[in-house]
Each structure stands twice: as structure tokens, then as C-alpha cells.
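Given next, in C-alpha cells, is a single chain: the form predicted alone.
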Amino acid sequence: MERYDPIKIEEKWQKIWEETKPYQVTEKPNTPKMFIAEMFPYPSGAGLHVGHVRNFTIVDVLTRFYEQQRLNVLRPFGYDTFGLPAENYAIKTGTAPQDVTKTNIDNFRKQAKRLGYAIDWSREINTSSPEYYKWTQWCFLQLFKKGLAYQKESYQWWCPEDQTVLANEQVENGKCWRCGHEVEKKKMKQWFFKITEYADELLEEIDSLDWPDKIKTMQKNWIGRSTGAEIDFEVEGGAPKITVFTTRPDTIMGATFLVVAPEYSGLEALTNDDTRETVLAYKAAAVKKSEIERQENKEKTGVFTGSYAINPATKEKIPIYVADYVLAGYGTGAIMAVPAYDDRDREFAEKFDLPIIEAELIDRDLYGTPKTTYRMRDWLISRQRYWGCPIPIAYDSEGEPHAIPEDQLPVIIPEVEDYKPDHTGRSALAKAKDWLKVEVFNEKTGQMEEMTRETDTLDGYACSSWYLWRYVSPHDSEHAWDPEAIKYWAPTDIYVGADHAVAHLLYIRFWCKFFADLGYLPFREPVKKLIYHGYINAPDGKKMSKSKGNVIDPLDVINDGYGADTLRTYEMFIGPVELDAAWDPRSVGGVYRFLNRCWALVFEKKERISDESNVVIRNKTIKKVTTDIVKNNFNTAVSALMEYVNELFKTGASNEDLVILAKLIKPFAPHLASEMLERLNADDEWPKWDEKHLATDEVEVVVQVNGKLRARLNVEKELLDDEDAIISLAKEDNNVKKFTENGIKKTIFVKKAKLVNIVA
């Protein structure tokens, strides 16, 4: 018997794929296409980790699955290479980010090939390549021309250590998400993209997306559309009136106090000699917190400003407080507090002993002006960093911005000796004196003029907002994406990731709609189906991190003799794709033994049985694996293959049984499957099941969660005697999973009623 040697087999097939390039594709107008991609990685010096492997393998399983069905499948690959890690490493070591990035990409590519991924390497992209960021700059200019890229001065989070502004989601517990240094608020002139221009469409199309419900809910909450009214409150003593936004103008009779945000522009005018010091101290402490912290903080805090407003409905004098649970950027930065009808207002009123009045509701039309507001802000996109896409703008002598002409793109990142930002807060680009000066046509004067380049660079999210379209024509020097190629390949059919549930996905949707409006894209949503998977944690269930020393290196698993096929198959078998899972070394060994058994069935000299002997189990397995892959139930697909192998060892196997086995395991273990198919002299076309061989005595089992119908299962009648199997099937149903995300307290199976009741 030939021994299963995964390393030897994998080296053989990887060499064949390298030479023959079977995954390099072109447009085939008469062949159905499938465009599948993952959220592309940042190539760190540490290389791939098992989280990457889960992400990439999901994409690879689907790629091979649809290829085996003879679809024209595009599975490209790329690297999100701008950002702080490479720049901080450059500051520390003096090594240019360009050099670090190249080394890291070479390592990532080598590791990805070691895992046997079916990638079209001819379409590889790198966001820090001038050939790529030329078109990121072009995208910026289109937004700038339409007034959707603009500057404004505002308070921003500033990291003194990294010397750059941060978005709200990059501030955690008052500290920078990357370096951990305490952040501060700083008033700066920054570049923004006007994503709010598309807020309504972004919100209204969410329900039509084939995306996980939790991601759609997060997007809705982030946009946060509220419909209500703005109402003016006069302030006693002659201070400027306060305009509040409320979604419940009908409750104004119950408004017993006002609350303004710490950043409210008229705050100091509301103070007096007795309260000013306390109010300003509260403001200074509040603005150090991120908006997320302020919204999630259960302990209500605030101070009395010293002023009173007049309720326009009751004519009562009501106190004005400042509190950090009110946000300056939402509505007007001021609210009327109605503690009888709002939980947050009630908590505040109870803490500060303020009146709670259940007053009558009145017409909406009596007070205020109808208004719609959004929680989502315009997208802050400028960063004071060297290692980013240069913003293609120059300033005239009056400080007015002008677009760098498109025929002068790309604006190349200049080489510098010192990568640290300067003392003014500008990026290291400001140190490239020759680069700073540029001749640009001034539209106002009608003359060419020497101007000064922008030294801010674009946030990395800009580079990743359009890369899916660059994949269709990555070497096109005339267009960001080829118009004909985009019609064939895009939009992306399946997009896979485990991060960026809100920002990135909103940004690519925003850019898609914008470029559709310009006529550059023939669709308005960039991704048809989203697969959002869970993380792989350390064996003790804790998050993997280098500092904890609990990171699992995928190459260690491969080189220990298990091979890439075992690692790939294990990561698909580890649990439901949408849930986090803990790494289990024992289960890795179990998957390796399974693949050994597949090998033995083909390469061990055993007498073959008739093709008709296992016709029922064979067709049932084809149907189960096929439908599970389509539903992203990769773990149960692998489980079905294991059951099939167990059955073949019991009954014996025909050539047909083995060909089917090899074809079905190829998405998960492509090297082993290719070796099996070569020995069996068979192609890899995906098999079809025949319903006539699936006729079984089935019954319907109803599944309830907390007393509500959530699923109907068709199971074989004899399975009713196996309570554990029935309950397991019930828990694996996707709709049941959705309603048991927070855990299951109890399961009850009533055989006579054919009912599973789950208490969650």
C-alpha cells in the first residue's frame, strides 16, 4: 500500500498549477460567470495566521465548487498595504515602507500558494503600487469635482504618538486603537467624503441585500435615520435660543429640562460665574471619550449650566444641563428631555432629581419644523501620515485647493530619509521640499501657477473602496476599470470577510452608487452575497495575539506533517461558518485520519464492488454536500463526507463511489482529490444526484424556538428513534441558529408529536 504523504503530493500539484495556470481566466460571454473574493488582507511581517486561512479557504471552497460546475470563476487576490504598521516600522528601523511591503507581500504570496489556493495570480493587486493608487487619486478627483470631497475645520481625535487623526471607531477607551496612547481632541482642517448625500439610498436598499441579518442591522444603526422636528426654546436672560431635534414633538408637554452636548457651540454663553468652571471642566473630560463610549456608558453624568429655557408649550421655566450622552453631530447637539417617554432621559432625571411628568400628547404639527437627521457623519478621509495615497490637491497662494490634473497622475510618494511627522502635525511628505512645489493651472486667474501640494494622505479605506472593480482589469493603464470587463464580471457575486462590518461595507456601497451616477458602473450595489464568518480563537477560547503567545501558525500545522489539505478541511469542519470557534489540536488529527482513509480507499488494493451497490448513499451524499456548500454549511458538508467514507469502508467501494468521493472533497482537499482523480482516470466535474435514488420514508419534524415555529425538517422515519440526531439537525438549521445566537438553555424532543422545542 502506498503511504499518504501530503507534503509530497501537495508539492507535486502546486508545481503543476504553477506551470499550467488553470485558474487564470478571461471573459467568456457565453459562459455563466462567478466573481468570488475575500476582504483582502494587510500583509504583515508575521505572515498568514489561521484566521486568514479560514477566510481564504471559504473563498477557495466556493471557487473550486463553481469551477467544477464549469462556471467561469474569477478568484483574484490583492493586498491592502498602506497604513501605520509599515510606517511605524520605518520610523523605528529606517527601512523604507516600500521595501517592507514588498518583503511582506512576497511572503504572503508564498504562503497562499503553499495552501493550494485557486487564485488567478495574473490579477494580483497592491494598493501602494503607483499603478494602483493612480486610480485611487482619480477616484478622489471625481468626488472632488462633484463637491463630494471637501474640507472643513472640526474637532478630531488626535493621537500624539502616531501623530495623526483617528476616526471614532479607531478610539477605544480613550486610546488609539493601534499604539494604545491616550488621544486628544484637536481642531483641524480635514478632508471629508460626503457619504451623507447617499444616506437614504444606502439605508433603503439594505433589506434587499443577501447579507447576514446582523450586518444589515449594524449598517442600519450606523446610518441611524431619524424623522422628527426641530423646536426652538427661548433662553431666559437673553442668551441665544436653543434649537432641539426630537423624534417625538408630540411629547413636548412632558419636557422638563434640556440637555446640550459638551461640544455645543453656545455652551459657554449658558454658564455664569458660579457654573462656568464646573461646566468647562466637565466638557474637557467628556470630549476625551469616543462617541461609542458615550453612547454605551450606562452611568449618566452631567452638570447644570446655570441657565433656564422656556418650554414653548407649557411656558414653564426648565433647567439646561450639559451631558455627554448627547452628541454634537447628531441633530442639533441639543435635546428636550422627556423622562416620562425616554429611558435615557428618565435615568438622568432620577439621578439629578428632576421632574418626570406624564403629560398629554399633542399634535405634531403645533410646534417645530419637520426634520430628518442621521447618526452617520461624512467620512473623514485625510491622515497626517507618509505611508498612504497622496491626495491629488495643491494650494494656491491664498490657500485655496486645486485639483492636480488627471494627466499628471499618479502623484508619486517621494522618498524621504525621516518618516516621522513634523512638529506642526504634517506628515513626513512635508519634508520632501522639491516634491512640495508643483505647477498647476489656476482656474480663477487663467494662468499656470506654482502651488504647494497637500501633505495629508488618504485613509486606507479609500484604497479598499474600489479594488473589487480593479480586479476585472488590473493592468489597464487607461481606465480605473475596463468598461466591458466590468459589465461581464461585476458586481461581485460572493464576498467573504470577518472584519469591517460597517465602515468598509458602507464605503464600497457609497462609491458604487456614486460611480453608477457618473455612468462608470452599470449597477448600484457592489456585492450580491456577503459571507461574514467568525474568528478562530486559541484552544482556551481566548483571542489569539502575539503578545499572549497563543497564535497558531498555519505553516507549523502543514510542516508538522498534516499538510495543507488537512488544515483547509479542518478549518471548514471546525464549526458553523458564522460562529467563532476554538482551535482543537485533537480535531486536526481527526481530519488527517479522515483524509488518510480517503487515500486508502483509492490506493489500497481492494476488490471493487458493483457501481449499483451504494447508489442510494452515493446520491444522498452528493445532494447533502452540494446543498450544504450552497448554504455555506461547510462543516456539515465535511461531516457528510466523513459519513460517506465510513459507509464505504463497511460496504466496500466501486470505482464510481471513489470518483464521486474525490470530486466532492476537491473543494476542501484539492491536492489529495487531484491525486485520486488522476489515479482513477476521471475528470473533476461536479456530480449530480438522481432524485429517483433518494426515495426514502421521510417524516416532517417541526422545530420551535421559545414556542414559535422556526423550521420544518424532513428526516428519515427511522431517525425518529435517535433523539440526539434529531436535536442536532434542529440546531444546525440556519433559521434556528439565527434565533439562538445567545445560547440554548434547553431542548425538548417530543417523538409522538414530531416536535423539537428549543428554549433560548
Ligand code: ANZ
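What you see is a predicted model, and the numbers here were worked out from it, not measured in a lab. Under this definition, the rigid core comprises the largest set of C-alpha atoms superposing within 1.5 Å between the forms. All residue numbers refer to positions in the sequence shown, first residue = 1.
Omitted here: the form predicted together with this ligand. The next part is about that form.
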Contact between residue 395 and this ligand in the predicted complex at 4.5 Å, heavy atoms?
no
Contact label in the predicted complex: residue 341 to this ligand, heavy atom within 4.5 Å:
yes
In the predicted complex, does residue 327 come within 4.5 Å of this ligand, counting heavy atoms only?
yes
Residue 226: heavy atom within 4.5 Å of this ligand in the predicted complex?
yes
State the residue from 389, 468, 336, 567 whose non-hydrogen atoms include one within 4.5 Å of this ligand in the predicted complex.
336
Contact assignment for this ligand in the predicted complex, among 614, 455, 251, 163, heavy atom within 4.5 Å
251
Report the stretch among 112-120, 538-546, 240-248, 380-388 that approaches this ligand in the predicted complex to within 4.5 Å, counting heavy atoms only.
240-248
Just checking, between the shown form and the other one and with the core aligned, does residue 89 shift 2 Å or more at the CA?
no
Examine residue 111 after superposing the rigid core and state whether its CA is displaced by 2 Å or more between the shown form and the other one.
no
Taking the rigid core as reference, does residue 673 move its C-alpha 2 Å or further between the shown form and the other one?
no
